[in-house]
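Presented below, as structure tokens, is a lone chain in the form predicted alone.
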Amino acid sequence: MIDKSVTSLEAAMGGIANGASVMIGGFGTAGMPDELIDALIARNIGDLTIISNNAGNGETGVAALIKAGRVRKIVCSFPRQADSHHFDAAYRAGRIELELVPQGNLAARIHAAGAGLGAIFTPTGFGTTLAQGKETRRIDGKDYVLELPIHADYALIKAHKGDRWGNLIYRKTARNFGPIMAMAAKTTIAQVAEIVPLGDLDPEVIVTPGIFVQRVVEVAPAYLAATA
């Protein structure tokens, strides 16, 4: 019997070690797997490479991971926001490396990894410092930059519901990077608000098929836990 559900956040984080590359879903705070990140911090490992849309907001999520000193390098599109003070402090002190990737390129390179592509050509970044040292090519009169896929050892994502096979559906904009990150990682760990019985998810609305997910853990929404 295939059962990818795990009973605790601690169990979900099993195997992640120093030096791992970890994709983290979310667009700002929408779809950020905060509880999985807290469990990762609790593992007391470091030297991590984080691939995410941004470098954290306030005191939670990726920001908390950076504050704890666990991140060696971050690959992201938006490292600085009004409340990105933990990234700012770490970067200015030389404690964290930044690879800046335009958002469209970030999504395309992650998708390329999941689709098994060797590389992609994109016009974004051509003629800028982001293209320095990279192969360029003119195709049909337009200039492109060769970009490599972004793979990861792990992906931490947040979905709305899942089943024991790992099939996932998302809630509105919380979907963002989750589906493509699930495809691009060796091990995908999903936190969901509810693990439902097989057959409860309409196959027509499943966004991430279970083939791309290795672990599913149920995390009750905070408002339900507070009233339980």
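Each residue number is its position in the shown sequence, starting from 1. Bear in mind that the values here come from a model prediction, so they are computed numbers and not experimental data.
The form predicted together with another copy of the chain is left out here; the points below concern that form.
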property	result
Candidate site 11, 73 and 94: all three near another copy of the chain in the model of the complex by heavy atom within 4.5 Å	no
In the model of the complex, residue 67 touching another copy of the chain (heavy atom, 4.5 Å)	no
4.5 angstroms heavy atom contact with another copy of the chain in the model of the complex for residue 141	no
Interface membership of residue 17, another copy of the chain in the model of the complex, 4.5 Å heavy atom rule	no
Close approach of residue 175 to another copy of the chain in the model of the complex, 4.5 Å, heavy atom	yes
Residues within 4.5 Å of another copy of the chain in the model of the complex, restricted to 88-121 and counted by heavy atom	111, 116, 117, 118, 119, 120, 121
